[in-house]
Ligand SMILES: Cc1cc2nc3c(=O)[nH]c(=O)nc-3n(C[C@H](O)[C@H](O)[C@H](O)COP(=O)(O)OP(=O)(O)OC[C@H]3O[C@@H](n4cnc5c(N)ncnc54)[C@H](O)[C@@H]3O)c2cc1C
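The chain that follows stands alone, in the form predicted alone, written as structure tokens.
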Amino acid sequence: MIELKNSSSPDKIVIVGGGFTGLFTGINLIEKGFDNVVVFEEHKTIGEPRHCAGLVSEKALKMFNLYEDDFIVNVVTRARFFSPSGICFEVEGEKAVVIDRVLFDKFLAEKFESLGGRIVYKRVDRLCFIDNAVKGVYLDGDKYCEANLVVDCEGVHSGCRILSMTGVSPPETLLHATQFDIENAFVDDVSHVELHFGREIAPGFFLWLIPLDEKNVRIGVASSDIYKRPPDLLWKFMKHGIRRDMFTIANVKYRFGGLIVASGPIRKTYMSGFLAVGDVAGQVKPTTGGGIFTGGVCSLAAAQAVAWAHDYGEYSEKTLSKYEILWRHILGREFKYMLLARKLLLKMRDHEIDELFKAIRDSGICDRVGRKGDMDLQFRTFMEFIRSPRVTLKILKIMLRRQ
């Protein structure tokens, strides 16, 4: 049996997964007074393999007290949105930063360990159940690690193995995504990102361009069409898309892929002795696939709920249910409206996306959206867009066509 270190606290907490959500949850738990926390990471190195696009609001990092210049690659202040035919509108607003995800995760790991946490590079095989409660994990077959609480932050790339053992269904919609880090590109403006929409460009999602510097750019796409593979869509865009001039002499420096959760939160994120946090719980923006802000908020909610359960004296289903009550209170409305926006986009044909983008561009609302909208709390952004009668009327007309 693997023992956790001796501690003044009798509570032993195991976290499955050493990505952002797992490490940040560990940091928050230690800061709540739990000094017997271990993270199990199945890969040999923190930060690998890479999956994330690395774009996060500056505000979110500062709110989580995680902002450091060492892992900041670029700062952007504008986003350009392109319809299938190339109709464009631009929103200028809050700062977003492009982070080196490997350095960022290593920074989190160092902070976690400096606070007294342990990282063990072993794969969790399965959960241990006693009387319908999780009481620990098994590693490498029969090696057992007892715990008062197991927090599942495994992500979705593992197939949600651990979550499935609890009987809870994993996120329903997973989109395959591919990203290229491109060098020798012609980047005309490093201060803006681009999002390109259309069924031939990115069926069921969008294609993104994130500048890293004057000669390097990250391009990625996700697809809901199994016959339109993300790598093929990227090569097609680079050779024939409206931004093909950017890639005349460019070459692919690094290629990586992953899965994007696009269906919103799962039905239930807790049981006796167990919490699910982050991507594995579907706590990801359905509109963009971003999980750092939402995962960070849910990590904070988890640490608070665990502290309440500790004070109550047990990690039962009843006491841990406060975790779900808390994160749904903070983010429930956001997930609801992001899912509505995604469903609307999925129903729209390319010519209807053209019509909507033209209405937004001609409405003059973009300046206000930039001032009043929010990259993280997208309900505010949604509400600012529909303040324009022209935009609202166009959305209603499109919705009526679908009836």
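In this text, residue numbers run from 1 along the sequence as written. Computed from a prediction, not measured in an experiment: that's the story for all the values here.
Note that the form predicted in complex with the named molecule isn't included here; everything after this is about it.
Asks: Are all three residues G17, I260 and G289 in contact with the named molecule in the predicted bound form, where contact means a non-hydrogen atom within 4.5 Å?
Replies: Every residue of the spot touches the named molecule in the predicted bound form.
Asks: How about G93 - does it come within 4.5 Å of the named molecule in the predicted bound form, if we only consider non-hydrogen atoms?
Replies: Contact with the named molecule, no.
Asks: So, R101 and the named molecule: in the predicted bound form, are they within 4.5 Å at any heavy atom pair?
Replies: Answer yes; at least one heavy atom of R101 falls within 4.5 Å of the named molecule in the predicted bound form.
Asks: Taking heavy atoms and a 4.5 Å cut-off, does V369 contact the named molecule in the predicted bound form?
Replies: Answer no; every heavy atom of V369 is more than 4.5 Å from the named molecule in the predicted bound form.
Asks: Using a 4.5 angstroms cut-off on non-hydrogen atoms, would L61 count as touching the named molecule in the predicted bound form?
Replies: No.
Asks: Under a 4.5 angstroms heavy atom criterion, identify the one residue in V124, L275, I219, C298 near the named molecule in the predicted bound form.
Replies: It is V124 that has a heavy atom within 4.5 Å of the partner.
Asks: Which one, L212, A309, A177, M271, lies within 4.5 Å of the named molecule in the predicted bound form by heavy atoms?
Replies: Among L212, A309, A177, M271, a heavy atom within 4.5 Å of the named molecule in the predicted bound form occurs only for A177.
Asks: Thinking of the named molecule in the predicted bound form, which stretch from 28 to 36, 53 to 61, 360 to 368, 333 to 341 has heavy atoms inside 4.5 Å of it?
Replies: In short, 53 to 61.
Asks: Can you name the residues of 18 to 50 that have a heavy atom within 4.5 Å of the named molecule in the predicted bound form?
Replies: Residues within 4.5 Å: G18, G19, F20, T21, G22, F40, E41, E42, H43.
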